[in-house]
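To begin, one chain is listed below as C-alpha cells, in the form predicted alone.
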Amino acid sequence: MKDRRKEDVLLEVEGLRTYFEKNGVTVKAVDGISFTIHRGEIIGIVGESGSGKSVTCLSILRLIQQAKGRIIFRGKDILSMKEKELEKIRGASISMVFQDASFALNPYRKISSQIIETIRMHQGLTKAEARQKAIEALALVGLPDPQNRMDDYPDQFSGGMKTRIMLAIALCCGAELIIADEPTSSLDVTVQATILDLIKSINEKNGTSILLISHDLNVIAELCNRVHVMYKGHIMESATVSELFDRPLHPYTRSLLSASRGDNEQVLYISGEEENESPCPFYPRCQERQLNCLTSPPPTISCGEQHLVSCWKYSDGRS
C-alpha cells in the first residue's frame, strides 16, 4: 500500500468517546478511539455485536449527541459545528448507508420522493433536474429500469435492491465519504457478493472513501485497505488487511479469525458476564493476560508499519 501524506487525510477521529447513562450506570459504548480515513481508501471496522461499531458511525455524523472528542473533516471539527453547517455535510459530503435498508427507507413514500428530496436539499435543483439526477444515480448502482421503477414504493423491491437504492441516495450528491454499516446483513450470499462488487466499483470509479462496518472478516478481507478491530468501545488492533490476516497479534483478533475459519478449538470460550477488574476490556476472556493487565491500561504498541496493537504482551518489543 502506498504511503499516505497528511494532506490526503479526509477524516480524522481523535479520542472519540460516546457514553450513555442507564439506571445510574455509565455505559462506555465508544471509549477514546482514534483513527484516520484517507481520500479514496476503504477502511474497515470489525468486531462482535456490542463492540461499538455502529455507535462510532452515528457519532461521526453527530446523530448521537453524547459524542465527545474531535472528528475533523476537511479541517473542521464536526462536533463543534453549528447545526446549519452540519446539515450541509450530512447526506452530501458524508453519507450513510444504514444497516437495514428496509427500515431506513420510508415505506409510505415513493423511492423518487426520497432521493429527489436529498438532491434538492443539498444542490438546489428544480424538481425536474433532481428527478433526472436521481435516475442517473439509480442507474449507476444497477437498479433495473430506474426511470419507471423509481416511482415504486420500498416494499416493491427485494432486500438487495433496497440496499442499491440506499447507495444511490448516498451517491446522488457526490459524497466524499460513505459510511456503510453492515450493508450486506440479512442478504443471501449471491446478493452480498453483488453489493460488495458495487461498493468496490464506487470506490474505484469515483474515488469515494468508504468506512465499512462489519462483523464478517471475509467481507473486510474482500474490500478494505486497512482494518480496526474493536472490542467494548476500544480499538484493540489496527493494520493493513494483508498484515492483519497474515500476522494477527491481539488474542481477540486471533479468536475472531479462528471463528471465521470455523476453527472451533481456537475460539475463546465465553464464561458468562465476568466482572472486569482490569483496565483492559478484554481481560476476562484473555488466555494470555499478565500482571500488568491488572494495574494499567494496555499501551498501544507499534509492531510494524501501520500495525498497532493495544496489549501488554507486546510492550517488550517482541511480536
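Note that residue numbering follows the sequence shown and begins at 1. This is a predicted model, so every value here is computed, not measured.
We do not show the form predicted together with a small molecule, though everything after this point is about it.
Put simply, Ser49 is close to the small molecule in the predicted complex: some heavy atom of it is within 4.5 Å.
Proximity of Ala29 to the small molecule in the predicted complex: non-hydrogen atoms within 4.5 Å are present. By the criterion of a heavy atom within 4.5 Å, Glu182 is counted among the residues contacting the small molecule in the predicted complex.
Heavy atoms of His250 never reach within 4.5 Å of the small molecule in the predicted complex, leaving it off the interface. The partner is absent here; in the predicted complex, the one residue of Ser54, Ser258, Asn292, Thr36 having a heavy atom within 4.5 Å of the small molecule is Ser54.
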